[in-house]
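For reference, the chain that follows is the form predicted on its own, supplied as structure tokens.
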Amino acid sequence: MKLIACTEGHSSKIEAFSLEMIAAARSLSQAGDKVVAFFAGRDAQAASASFGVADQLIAACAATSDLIPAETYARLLRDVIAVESPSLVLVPYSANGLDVAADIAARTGWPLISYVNEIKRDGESLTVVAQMYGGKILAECAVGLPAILMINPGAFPEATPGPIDTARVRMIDAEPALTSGKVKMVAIEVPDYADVDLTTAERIVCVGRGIGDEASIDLARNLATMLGAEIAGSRPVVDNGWLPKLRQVGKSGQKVKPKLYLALGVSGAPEHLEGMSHADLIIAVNTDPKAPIFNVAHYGATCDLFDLVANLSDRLRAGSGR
């Protein structure tokens, strides 16, 4: 059985979830199986230096573009699938992966299961646990092979990075596919982190829709100050204009890995979990006991977040003598 783990990266860096895709594939592989890492980008240097746990790296590179659009990525992946004839293709749940997985499934006719949290293998059959309704329901189903699975970031631990032998690397010229594609990359805009860079914060207090309104964020902000933490928000909070974009955590915000992540009123949609599920310690507060955030939290409370914030703030003030 051959398994393809799709990876991503740009600006000489690979996305952390790329190592998770390889780890997921490796966890399913058995004697005689082959794990193939697929990468598309400007060059394969970062991938070659990190994907040693894979049996092979297939790198599609184009010197003229730092980022390969999903349309071109899918076309390149289809060509690889035609040559390699894999039984399973693992795609990350990402902005790129959403388009790629759907494209491959539609053109191959293979079944596609998204929002995957767990995969169990019994011989040549798979049982998959996937999220539904924003993660409030977990569905278990049998999957026939060949198939495509879109994996939630954080569902599998990262594989240990290490170099791959050059003899196990196959290079593909991605330039023709990139040139003939309809989608062209114009530029990559990197936010100005002069105000705040959540990726370097050791402690983060993140507020979600459950905070209620903009004025209530001050309570969480005061708690963050006492904890020596940065204040952050989920996408609904930022979309409402209650916090600036630079303080958004998630797929379309910043991806963070603090020592402490305190989530107040955050439901935990897959897009948000992608940005914070690797925090060392996650404490979630939400009145809904079925909120998906509790699937990744180390500690959780279903009490009113305002009661918790008030009591915790009082305890911190008492301890500091302020």
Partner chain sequence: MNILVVLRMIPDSAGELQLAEDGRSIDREWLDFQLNDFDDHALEEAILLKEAGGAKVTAVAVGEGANRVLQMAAARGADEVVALQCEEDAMISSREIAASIAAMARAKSADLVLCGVQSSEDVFGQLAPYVGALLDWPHVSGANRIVANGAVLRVTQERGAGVAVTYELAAPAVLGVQTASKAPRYVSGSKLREASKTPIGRATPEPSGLERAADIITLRLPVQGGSGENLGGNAETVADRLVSILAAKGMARN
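What we label the rigid core is the largest C-alpha set whose atoms superpose within 1.5 Å from one form to the other. Numbering follows the first chain given and starts at 1. Keep in mind that this is a model prediction, so the values were computed, not measured.
Not on display, but discussed next: the form predicted together with its partner chain.
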Complete contact of A139, A142 and L316 with its partner chain in the predicted bound form (any heavy atom, 4.5 Å): yes
Indicate whether its partner chain has at least one heavy atom within 4.5 Å of a heavy atom of I217 in the predicted bound form. no
Indicate whether P69 is a 4.5 Å heavy atom neighbour of its partner chain in the predicted bound form. yes
Using the partner position in the predicted bound form, report whether S12 sits within 4.5 Å of its partner chain, counting heavy atoms only. no
Would A82 count as a contact of its partner chain in the predicted bound form, using a 4.5 angstroms cut-off between non-hydrogen atoms? no
Would you mind picking the one in L98, V196, V169, I172 that has a heavy atom within 4.5 Å of its partner chain in the predicted bound form? L98
Heavy atom within 4.5 Å of its partner chain in the predicted bound form: which residues of 77 to 113 meet that condition, in order? Y93, A95, N96, L98, D99, A102, D103, A105, A106, R107, G109, W110, P111, L112, I113
Inspect the rigid-core superposition and answer whether the C-alpha of L260 shifts by 2 angstroms or more between this form and the one not shown. yes
Superpose the two forms on their rigid core, then report whether the C-alpha of T127 is displaced by 2 angstroms or more between this form and the one not shown. no
Taking 2 Å as the cut-off, check whether the CA of V35 shifts that much or more between this form and the one not shown after a rigid core fit. no
If the CA atoms of H278 and F38 move by 3 Å or more in the predicted bound form, do they move toward each other or away, so closer or farther than here? farther
Can you tell whether P111 sits closer to or farther from N295 in the predicted bound form than it does here, judged by CA atoms, where the change is 3 Å or more? farther
